[in-house]
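Next up is one chain by itself, shown in structure tokens, the form predicted alone.
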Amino acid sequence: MKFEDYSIASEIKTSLAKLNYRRPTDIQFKSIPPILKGEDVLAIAQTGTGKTAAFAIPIIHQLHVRKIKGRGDGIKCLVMVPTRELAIQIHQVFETLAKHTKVKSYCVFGGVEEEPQIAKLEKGIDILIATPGRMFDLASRGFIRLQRTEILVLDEADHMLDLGFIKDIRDLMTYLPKKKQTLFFSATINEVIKKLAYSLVSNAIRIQISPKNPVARNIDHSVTFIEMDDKRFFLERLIKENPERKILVFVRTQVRCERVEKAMARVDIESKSLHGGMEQDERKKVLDLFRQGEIKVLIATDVSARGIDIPKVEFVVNYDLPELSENYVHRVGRTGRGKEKGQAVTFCSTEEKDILTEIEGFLGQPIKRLEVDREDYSTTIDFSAESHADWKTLMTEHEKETTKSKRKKKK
């Protein structure tokens, strides 16, 4: 079936044709019809399979055919997401698909000035994409009106319904009409989250694509055993062996983020950090540079694992294993998007082997081992461009970081 065969507005079909979207992906094929009928949906599909368009297309159609004339009574559709980057990305998808319609969308999130957001909201919009903190703040002060909201979407539903956000979501329900369409979309979901999701919907249709393997087939993912202090040498080698490839490196904390960036700088590799401690403008600038290919190596915390679509990422490196097993799926899903092939490699140290076992339990199968023999291991370290004799410089850097961290805590 092609998009031109769907009973959706011709204006949306025009946008799809310009994007060269001819046929729906599996998740789009299974989700669009029930959403168009007004059904509640709980959809689970691998990353990179087109989940955003799966709900954006039918939502835009529903609002477009109602021929909205005024927006004074508030927002018609609310899309809740866990991160700022994802809010921006989903807004871009809605804007692109709704370009030839009269449906207007906007996104709000924290970390930036609120005045421009308030001004835009007061002009009136149909679809709001938001992170919880800024949304609740603006709603409590009357700048966001939800009393006429007809559709609620929770994207990255497993994260939105976990212990960190569930209270926010339950509070949100008090702002919304009881009669509404509710859509949950995610790459992963567990039994606890599933029960929570079903408690918030009415007779939801469950859609699950490739449930046996949460990692897409076109991603070649493997694990190699590297001790913690040696990881930087193997990352250096991988980057230098793939100088023109776009490489996304995941670490556990923002301190690790900055340390790995400095380690790469010592061996003349240009990279940038991306973590939650950065200002929003700075985060956006770094992401744009990476998207455009002006920098080839991005070192990030899990703030970038959730739903962010960065084109042409050939390699994902789990420099540190994620604390949450499901984040492994979200991380490796940053490569192999759509029909592209991708490679993901995990560096597992001795102290991380228990985490690896948990991840493999979550996946329901072992991750392919990439063996490194002793000679190759030693050679990788010996041929690093880092000067092993210059321990004074390294220690000075470490002392500076420690002092800086202590000062921040005192503040």
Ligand code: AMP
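For clarity, every value in this text was computed on a predicted model and none was experimentally measured. We number the residues from 1 along the sequence you see.
Below, we refer to the form predicted together with the named molecule, which is not included among the displayed structures.
When contacts are judged by a 4.5 Å heavy atom cut-off, Arg337 counts as touching the named molecule in the predicted complex. Taking the partner from elsewhere, Arg23 is found to have a heavy atom lying within 4.5 Å of the named molecule in the predicted complex. When contacts are judged by a 4.5 Å heavy atom cut-off, Gln62 does not count as touching the named molecule in the predicted complex. Residue contact check for Gly48: one or more of its heavy atoms lie within 4.5 Å of the named molecule in the predicted complex. Checking 25-33, 354-362, 341-349, 373-381 against the named molecule in the predicted complex, the stretch whose residues place heavy atoms within 4.5 Å of it is 25-33. For the options Asp309, Glu261, Glu236, Asp302, the one in contact with the named molecule in the predicted complex, meaning a heavy atom within 4.5 Å, is Asp309.
Checked against the named molecule in the predicted complex, the candidates Gln117, Gln181, Asn327, Gln89 yield a single residue with a heavy atom inside 4.5 Å, and that residue is Gln89.
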